[in-house]
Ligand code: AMP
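Before any questions on how it binds or moves, here is one chain, the form predicted on its own, in structure tokens.
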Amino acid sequence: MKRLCVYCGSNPGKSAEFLEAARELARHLVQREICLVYGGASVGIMGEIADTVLAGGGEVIGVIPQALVDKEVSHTGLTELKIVNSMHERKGIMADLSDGFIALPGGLGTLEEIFEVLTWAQLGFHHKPCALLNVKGYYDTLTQFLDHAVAEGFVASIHREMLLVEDDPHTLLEIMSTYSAPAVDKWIGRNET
């Protein structure tokens, strides 16, 4: 993997552990010489991971809509900042640039972004790993819900397993580096119980 897209909050969250997890993941990216692709903001967990990668000598590509640049939240010190017209364009470029996707803790935008690329993987539009860095159990109830969706027959277990979940960044990056997408499409297993 040469580039990883990290989705995360534009807020820091209530726990210092969220920011520390962003810094730790950033240090692992730098050690592995993996470029960070992210949403281009200077605030919250987004700003923290970008700043830490840059401080370690790593490469950071931000992709941000003009409307957010106008609100003065864009990061001005990145390796490269791509300014786009819409959120749809932003997400498409981030996906095209990246070899995999990780969601750190975040809000609605973070959830929407990771689930969109996971859906694309389920549909076979890409074969890149999608993952949650489960800091401080942040995603525990979400993964429980996904297991419930499998039990209720709305998600095939093989598709549920496509979402990698770990609480340690080193372990997560190791798993992602050897990830191989299952050789099935969305419609296989849909009647699975």
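What you see is a predicted model, and the numbers here were worked out from it, not measured in a lab. Start at 1 and count along the sequence shown; that's the residue number. In this text, rigid core is short for the largest set of C-alphas that superpose within 1.5 Å between two forms.
There is another form of this protein, the form predicted in complex with the ligand, and it is not shown here; the text below is about that form.
J.: Of the options 96, 89, 80, 112, which one has a non-hydrogen atom that comes within 4.5 Å of the ligand in the model of the complex?
T.: Residue within 4.5 Å of the partner: 112.
J.: The ligand isn't shown here, but in the model of the complex which of 68, 54, 34, 146 has a heavy atom within 4.5 Å of it?
T.: Partner contact (heavy atom, 4.5 Å) among the options: 68.
J.: Quick check: do 100, 173 and 177 each get a heavy atom within 4.5 Å of the ligand in the model of the complex?
T.: Verified in the model of the complex; spot residues all out of contact, no.
J.: Is residue 46 one of the residues lying within 4.5 Å of the ligand in the model of the complex, judged by heavy atom distances?
T.: So residue 46 counts as contacting the ligand.
J.: Spell out, yes or no, whether the shortest heavy atom distance between residue 5 and the ligand in the model of the complex is within 4.5 Å.
T.: Answer no; every heavy atom of residue 5 is more than 4.5 Å from the ligand in the model of the complex.
J.: Is residue 15 near the ligand? Define near as a heavy atom within 4.5 Å, in the model of the complex.
T.: Residue 15 lies outside the contact set for the ligand.
J.: What residues of 5-43, in sequence order, lie within 4.5 Å of the ligand in the model of the complex by heavy atom?
T.: If the 4.5 Å heavy-atom criterion is applied to the ligand in the model of the complex, 5-43 yields 8, 9, 10, 11.
J.: Rigid core fitted, is the C-alpha displacement of residue 88 between this form and the one not shown 2 Å or more?
T.: Stays below the 2 Å threshold, so no.
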